[in-house]
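Below sits a lone chain in structure tokens, taken as the form predicted alone.
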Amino acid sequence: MTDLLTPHGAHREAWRCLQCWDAPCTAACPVHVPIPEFIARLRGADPQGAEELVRSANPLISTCGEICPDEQYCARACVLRGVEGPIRVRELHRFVTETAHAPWPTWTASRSKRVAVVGGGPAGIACARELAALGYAVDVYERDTAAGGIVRHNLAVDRFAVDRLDRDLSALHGAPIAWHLGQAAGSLREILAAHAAAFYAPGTHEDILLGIPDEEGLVTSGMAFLREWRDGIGKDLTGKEVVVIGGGNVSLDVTLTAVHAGAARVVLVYRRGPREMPVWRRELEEAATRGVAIEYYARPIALLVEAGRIRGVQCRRTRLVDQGARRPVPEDMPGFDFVLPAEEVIRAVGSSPARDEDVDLRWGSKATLPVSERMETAAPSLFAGGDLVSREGTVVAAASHGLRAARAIHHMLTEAAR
């Protein structure tokens, strides 16, 4: 977690902003926070106004103030990036949310239509908030006993304080949102029959397997590992050699949590190279400073097991081959095998959605659900978002899906009433 800016530091940082008329930072932000206007209010000694402006654009401002990967959004677009460094927008967001204490807005259900939201993660939270602000009564169905999804349950224990998420959720207490927590939503057909429209964002919960012998029962799920630590029942890894398989941000969270759990040595195995690794640079740098080793251009091909326990992982070197895909494809290099000692192997290569076949969503062979720019699915009145439709995997990107879907639902329902 980053340190909070001091009032003097926030003031100085705000005055570095050039107030660009075309606001490339806003254009780069998935939820299009009006960054120059927000910073102008901060400059004008109106921190409450600054917070209200940002929260109106981003229902998860407190969460994003801590973990938004600004390096791939606003910071990358800032015109000062190559001069004296980009404006620290994320940290300014965090400053106003923790110091301004603007009053929470209240909304009433001024419309007769009810809308369902399936999934209480970032996409669902954002959609529910926007629908409530537009005057709709909303039913949110979340299978866990608390909303938040991956943000609450599957981030490294020392990377994110869950009270940031709870602060964002507390802003919705005055909204016409019924939270159905700890219960299944029922089938999509039933949901659509009981509501004017629905937003489907259940996340992805089924582990993608490595495809190696003896994997099931011996290799630990990265998502389950993180959740156990979040829930205070994490496995003690004191003195153990741990190998993590993966290459995304979840795998880095797993490695950092393994270090936190007392592992003597943590090695991350990734089948591509550092340039292809889809992670936030600052998280990668933190992993390196905490002793995590990375074996690039390698993949596991077998477990070494003695008396039912893992003793090592046999890996094979890979090389990248351009096959016209979005990025080079890793190819095995037979004869270039090596063994990593391991007492614990944790899988973090991704997850896939559980498909609801009750409604024809035209999944096809894709791993993600196809939707339009308005987040419409193939089923009438059903919209979708979050990790279900995109592998971008950031809170702010998921929130943008929810906001976009809410506005599309509003447009659909108001047009139908004419």
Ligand SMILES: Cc1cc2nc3c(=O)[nH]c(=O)nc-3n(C[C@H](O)[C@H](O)[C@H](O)COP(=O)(O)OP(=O)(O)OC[C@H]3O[C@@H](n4cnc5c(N)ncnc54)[C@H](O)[C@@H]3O)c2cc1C
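A quick note: this is a predicted structure, and the numbers were derived from the prediction, not measured. Each residue number is its position in the shown sequence, starting from 1.
What comes next is about the form predicted together with the ligand, which is not displayed.
Using a 4.5 angstroms limit between non-hydrogen atoms, Y297 is distant from the ligand in the predicted complex. At least one heavy atom of N154 is located within 4.5 Å of the ligand in the predicted complex. The ligand in the predicted complex is not approached by V242, whose heavy atoms all lie more than 4.5 angstroms from it.
At the 4.5 Å threshold, heavy atoms of W280 reach the ligand in the predicted complex. Of the candidate stretches 338-346, 212-220, 245-253, 322-330, only 245-253 contains residues with a heavy atom within 4.5 Å of the ligand in the predicted complex. Contact annotation: of the candidates A185, L169, L134, L237, the single residue with a non-hydrogen atom within 4.5 angstroms of the ligand in the predicted complex is A185. Distance criterion of 4.5 Å from any heavy atom to the ligand in the predicted complex singles out P202 from the list P86, P202, G312, P176. Contact with the ligand in the predicted complex holds for none of V138, E376 and A405, as no heavy atom of theirs lies within 4.5 Å. Contacts to the ligand in the predicted complex (heavy atom within 4.5 Å) from stretch 29-61: none.
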